[in-house]
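Here you get one chain, nothing else, as structure tokens; it is the form predicted on its own.
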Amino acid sequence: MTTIFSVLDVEKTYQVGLGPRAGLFKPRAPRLLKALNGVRLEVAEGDSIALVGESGSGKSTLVRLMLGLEAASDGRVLYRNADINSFDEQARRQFSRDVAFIYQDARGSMNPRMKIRDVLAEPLLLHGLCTESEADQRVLDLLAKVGLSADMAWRYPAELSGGQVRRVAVARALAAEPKVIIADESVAGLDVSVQAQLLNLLRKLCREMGLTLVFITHDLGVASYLCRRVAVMYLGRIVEEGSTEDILHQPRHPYTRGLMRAFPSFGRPLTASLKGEIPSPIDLPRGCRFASRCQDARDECRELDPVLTSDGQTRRVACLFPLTYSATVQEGGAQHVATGSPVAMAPAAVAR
């Protein structure tokens, strides 16, 4: 398959202030926050991948670099084998048409003084996809595609419900006929029924139009329903990547297992499996950055920093002692007994 995005050992560092004074006459050195640290990822044409992790894991920062909104401090982000930061004006314009972004705050991303008709017509006219006289019909077609009635075109964003404004955001993303859609928590904060409608809509559109999807989410259930692959991020790194089915049924990184246990599921108590404080990205610990919260950590984990390595098949994991599985038990949902660790259970809600 053709590779659309290649993220090559990308790092992103921000200066967040000054550290303690080194001496009476020595200036204070700037303090650096490592939002991304050596991220490597490939997204193929027609693929769907979910970026999963806690707040502060670097998901949104990675997406901003993939969109070309910020430049990497080190490493490169390639779109169709071309460095995004080296695009000329024409290439940048084509990229902005090929790659559409659905904001988490859909209502806030729209001009409150513009009617929905104008919100959707803007990208059509900007990219020369139709004339002004043809715009009204194209807008009505877009609204119909996302399941909204024609009268929505003459309303303002403030007049729409949360579900309706999210559908408009999807329609705006589709307006320029993109090849890739990147969505940042685009179903978060909605009622469960509305969330299901939007997920079904996105899934249907991606399949019918052959779109490539990069989806940021905290919800493993959403990831399993919408995406074929999952990349789990922790403190600026991808710690596990593979097919959705493999990762949710047999997580190999202890952090992935902890996220799954924290996911609500019928028939079992909800426990806080990820204990301890998340290390500061300004002062990262030596060795594995997850060791202070890992119940399986060993002495080597506090000394050696694991790299993301392939298992020879479709899974990549950054752990010195990845989880292994010696037996499988079926009980309502898929459960797998990991050697040396308690049962790691995939939520029943994510079963395909």
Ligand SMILES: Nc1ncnc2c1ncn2[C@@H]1O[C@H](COP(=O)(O)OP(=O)(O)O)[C@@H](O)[C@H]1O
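All residue numbers refer to positions in the sequence shown, first residue = 1. Everything numeric here is computed off the predicted structure, so don't read it as measured data. We call the rigid core the largest set of C-alpha positions that still match within 1.5 Å between the two forms.
Omitted from view is the form predicted together with the ligand, to which the following refers.
Participant: Kindly indicate whether Y14, G56 and R64 are, all three, within 4.5 angstroms of the ligand in the predicted bound form, using heavy atoms.
Facilitator: Every residue of the candidate spot has a heavy atom within 4.5 Å of the ligand in the predicted bound form.
Participant: So, L33 and the ligand: in the predicted bound form, are they within 4.5 Å at any heavy atom pair?
Facilitator: Looking in the predicted bound form, residue contacts with the ligand include L33, since a heavy atom lies within 4.5 Å.
Participant: Mark T324 yes when one of its heavy atoms lies within 4.5 Å of a heavy atom of the ligand in the predicted bound form, and no otherwise.
Facilitator: Looking in the predicted bound form, residue contacts with the ligand do not include T324, since no heavy atom lies within 4.5 Å.
Participant: Would T309 count as touching the ligand in the predicted bound form under a 4.5 Å heavy atom rule?
Facilitator: No - in the predicted bound form, heavy atoms of T309 and the ligand never come within 4.5 Å of each other.
Participant: So, T314 and the ligand: in the predicted bound form, are they within 4.5 Å at any heavy atom pair?
Facilitator: Contact with the ligand, no.
Participant: Counting non-hydrogen atoms within 4.5 angstroms of the ligand in the predicted bound form, say which of P281, G75, P178, P123 makes the cut.
Facilitator: Checked against the cut-off, the match is P281.
Participant: Of the listed stretches (285-293, 299-307, 314-322, 33-41), which one has a non-hydrogen atom within 4.5 Å of the ligand in the predicted bound form?
Facilitator: Of the options, only 33-41 has residues within 4.5 Å of the partner.
Participant: For the heavy atom contacts within 4.5 Å of the ligand in the predicted bound form, list the residues of 158-181 involved, in sequence order.
Facilitator: Heavy-atom contacts within 4.5 Å come from no residue here.
Participant: Would you say P279 moves its Cα by 2 Å or more between the shown form and the other one, aligning on the core?
Facilitator: The answer is yes; the displacement is at least 2 Å.
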